[in-house]
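Only one chain is shown below, in structure tokens, and it's the form predicted on its own.
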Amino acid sequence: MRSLALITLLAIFGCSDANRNSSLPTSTTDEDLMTTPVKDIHSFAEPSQAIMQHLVWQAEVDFDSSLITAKASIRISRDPKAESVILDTKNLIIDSVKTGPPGQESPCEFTLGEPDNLLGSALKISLSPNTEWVHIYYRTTEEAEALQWLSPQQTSGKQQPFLFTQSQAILARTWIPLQDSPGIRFTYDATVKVPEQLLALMSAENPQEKNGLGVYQFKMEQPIPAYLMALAVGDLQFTSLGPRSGVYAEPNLIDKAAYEFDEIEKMISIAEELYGPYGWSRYDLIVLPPSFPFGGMENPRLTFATPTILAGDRSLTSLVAHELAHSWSGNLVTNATWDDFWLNEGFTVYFENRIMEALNGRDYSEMLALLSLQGLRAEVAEMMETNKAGDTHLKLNLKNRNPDDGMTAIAYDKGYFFLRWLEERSGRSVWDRFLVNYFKENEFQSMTTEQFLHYLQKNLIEKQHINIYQDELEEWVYQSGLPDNLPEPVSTKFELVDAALISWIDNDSLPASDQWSTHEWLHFIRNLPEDLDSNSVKAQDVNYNFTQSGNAEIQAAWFEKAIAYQYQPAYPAMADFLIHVGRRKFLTPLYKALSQTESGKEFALQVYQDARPNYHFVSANSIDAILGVSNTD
């Protein structure tokens, strides 16, 4: 018999299981459940003893040495009996530590723990009874994994050097000593000195032009977790896109970027109509050099974006919708630990699709959903075949593992389809009201999977009398693979692509595709027959120019097919792509496919020698593992 009782639901979620390491006792009260600090396995911090509230960061950026020299002053909230505060660091040189109010600092005792290859070293600072401020004087090192220093030749303009950070998931500790856990939020102020010909930007209130002095002030008044700390320094220009949005880019890209992102004000309005007011004042973007490892990074007030979305036709701006959606799901309500990563990304993919549906229609958003489903099914099948069934759970167990291991289609796309299933079972109007309240009632707070399920049970299932049962929720969240009740998107546009593909196979006539979007082309390429002969492969490439396409999404999908077909004419362009594009989404499947054969792996290793210096640590670390090389090889 299926019961809707909350206590039964929590009892199931709290049972002993290696993948339920944040289980809940059945006696947990609502207040305790939503406010008890969570101990993060990826942080040395002890938030129940002392927790950071505000950061004052003073830094000088030196491109000659590729180092940052800085002072981090941290105001803490503490248990009066706490004798120390613990911060996360990794590969930092700590010159001195002091305590006391700013301007009245005194040296204090501190210890730097033994280094852990993944987590770094715990910085333990002794506290006197009334200590509220700690001050750390330090320098970064060449091993700062968050920092990527680029020579002029590695930038688009090739005139000035560039620096950008990537703090997610646990790399903020490699450039600032802090409590590097998504469940700990703080505000910050910063003063940053850079070469006077460059502009500095952060995830905060930003300047819109160079000041000629190279000293910039920043303020972030809303509390954020450490992984949203961000810095970019380069030869940058700003163009306004509307009353509360704009874009930064290198001078030679600024017009192209402004055209590509012209619809951002409309997206912001759509998002607010769906799920409530935008809570971060401005929404600006910066187009980074090609080595940026992700499509985008949702740093508050300054989304980092890859240049690979500058397709010239606004066909890839769903990525912007995704990063904008993070302003609610992730930035406003944040996964408490990296085991709960799906709470950030599943919600964001769902929200992204709703924005794109409102912007371009249901059939357009269904194309996005179908592409997500194709990728999800392929990744789940690979995980099940390689004994990684546990990684197909929404709630993960990443103990002793890099949180980046959880950045898969499971968090993004299985999370999306779970929320879509909840919408379909609840009805859209009921579900939307629930989400508006969810973001409002939990804003600027963190959330575990168990807390969300508790909130869902109380505020949707019970309150609205929705027939959703605990065994269904358990299957989605805690079991392997994909549930049988997985929603199935339907796209008329993709049905037409399928018909054109069948017609081509049967009649050897190439489809009329002048009006196809990027998404239709991706569907077409992904569904090309596995047994195409060399003449047919060449005909596709000659007619549609896949190998030399200026669209990175299309090129990456085609290169995967070219590897499968051993289509050698594509390999020079593929090598150039791998050397100059650092986006991990594209690199990982290509290197994986190449590594499946001896000749392919030899080609991959040759290319990687030239490509690796252009990659950020996040991408290089993933490709090292695929190719079986180390950073010292």
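Residue numbers here begin at 1 and follow the sequence given. A quick note: this is a predicted structure, and the numbers were derived from the prediction, not measured.
Beyond the structure shown, there is the form predicted together with a small molecule, which is absent from this document and is the topic of what follows.
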* Asked: Heavy atom to heavy atom, is His42 within 4.5 Å of the small molecule in the predicted bound form?
  -> no
* Asked: Given that the partner is absent here, does Asp180 sit within 4.5 Å of the small molecule in the predicted bound form, heavy atoms only?
  -> no
* So, in the predicted bound form, is His326 in contact with the small molecule at a 4.5 angstroms heavy atom limit? -> yes
* Any non-hydrogen atom of Gly296 within 4.5 angstroms of the small molecule in the predicted bound form -> yes
* Listed residue (Thr449, Gln166, Thr337, Ser291) with a non-hydrogen atom within 4.5 angstroms of the small molecule in the predicted bound form -> Gln166
* **Option touching the small molecule, based on a heavy atom within 4.5 Å in the predicted bound form, out of Trp558, Phe341, Phe351, Phe162** => Phe341
* To do: Run the contact test on Leu319, Asp404 and Lys585 with a 4.5 Å heavy atom cut-off to the small molecule in the predicted bound form and return yes or no.
  => yes
* One stretch from 90 to 98, 193 to 201, 134 to 142, 296 to 304 that, in the predicted bound form, holds residues within 4.5 Å of the small molecule by heavy atom -> 296 to 304
